[in-house]
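Before any questions on how it binds or moves, here is one chain, the form predicted alone, in structure tokens.
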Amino acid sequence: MPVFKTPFNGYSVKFSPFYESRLAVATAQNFGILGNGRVHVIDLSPSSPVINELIAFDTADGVYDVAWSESHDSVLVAAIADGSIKIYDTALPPHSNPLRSLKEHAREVHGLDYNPTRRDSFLSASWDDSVKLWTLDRPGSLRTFREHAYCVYSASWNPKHADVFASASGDCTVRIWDVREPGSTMIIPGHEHEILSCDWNKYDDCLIASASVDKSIKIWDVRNYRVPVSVLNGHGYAVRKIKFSPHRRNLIVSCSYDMTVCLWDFMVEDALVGRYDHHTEFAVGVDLSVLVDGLMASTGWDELVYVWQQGMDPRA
């Protein structure tokens, strides 16, 4: 399957919601500690195992995450280590980009998520302990959500309720928010160590997953979150990113500092469906295609992006 080499360390990879073969990749120099960044927009070749770079955007600081617009097929947003969010249009040449730079966060922006239901807004999660709500047509944020006591690593919109989202933080909690309410509507004390990622189930809007430094993934039902629905153990180090399948209710994919990508069926006792050990450094970004069932992508600090079909060897 196709492999793409980046000059910097990979941080995030996202499939386009409009084009089956298109992905965006966020990268950062020197493992994101210090240095430049680059956003790559890449295309899979339909006739050969080759990934072509469509366009790239250079940044003065590392890029930690990317998110495609749900309403404009050529627009994406990038989370930058200097606390800014940059908006790019792939239909325009690099010198015409970024279209805008949004700078309100006091520290690194670590996570982004575009609203899949309303399609006009996105969230940013930052190490300044806050989440912000934005739209493309306004130069400032619509609202700031401040309740977490430590870095917010991830924010995720509910797939069915346009005003509801979740945030995952180093304060060991997942918080549920409704943008119409003054504060969070639920606090899930999910783990005893930092929570690095969260995601909603695409078929059951009451199910949410959390991934932690404690090496575990937990599935929660927000109607009764005292005890998790399922606990997935199998990673050897912190679980960096999780993503529910957009095609199958029971499947969730994860990547970890143990350099592996794992696929799970959280409804069965032997939950681990597949383990992929193709990365040679921390695996920190993973995604599943909304348009192609079973198509997966991952990136890591080994400067590689892999794209493969579920059940196949990414290195084949």
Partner chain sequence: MSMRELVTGGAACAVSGSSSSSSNPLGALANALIGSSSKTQERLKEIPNAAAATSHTQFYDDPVAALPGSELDHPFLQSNAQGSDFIRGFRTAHDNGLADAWDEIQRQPHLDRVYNAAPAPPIQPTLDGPPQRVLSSFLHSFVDSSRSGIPLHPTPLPLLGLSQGDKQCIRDRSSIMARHFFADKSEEFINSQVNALLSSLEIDSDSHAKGPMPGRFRELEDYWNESQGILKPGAHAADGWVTEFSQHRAQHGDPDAWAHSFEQQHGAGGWASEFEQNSKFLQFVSKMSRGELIIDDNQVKPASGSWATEYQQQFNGGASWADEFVHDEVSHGPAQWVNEFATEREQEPVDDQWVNEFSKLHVDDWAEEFGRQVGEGALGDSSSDNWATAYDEFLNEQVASKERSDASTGVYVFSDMNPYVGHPNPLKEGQELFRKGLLSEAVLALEAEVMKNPENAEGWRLLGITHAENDDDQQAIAAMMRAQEADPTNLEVLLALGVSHTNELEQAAALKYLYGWLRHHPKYGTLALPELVDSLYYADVARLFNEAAQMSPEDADVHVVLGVLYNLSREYDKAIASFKTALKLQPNDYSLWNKLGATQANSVQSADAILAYQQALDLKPNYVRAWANMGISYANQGMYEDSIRYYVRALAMNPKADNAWQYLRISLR
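Residue numbers count along the first chain shown, from 1. Nothing here was measured: the structure is a model prediction, and the numbers come from that model.
Just so it is clear, the following notes concern the form predicted in complex with its partner chain, a form of the same protein that is not shown.
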- Query: Is there a heavy atom of W301 no more than 4.5 Å from a heavy atom of its partner chain in the predicted complex?
  - Reply: yes
- Message: Quick check on T135: any heavy atom within 4.5 Å of its partner chain in the predicted complex?
- Response: no
- Touches its partner chain in the predicted complex: F122 (any heavy atom, 4.5 Å): no
- Hey, in the predicted complex, does E104 get a heavy atom within 4.5 angstroms of its partner chain? no
- Item | in the predicted complex, residues of 76-110 near its partner chain [heavy atom within 4.5 Å] | A81, D82, N97, P98, R107, E108
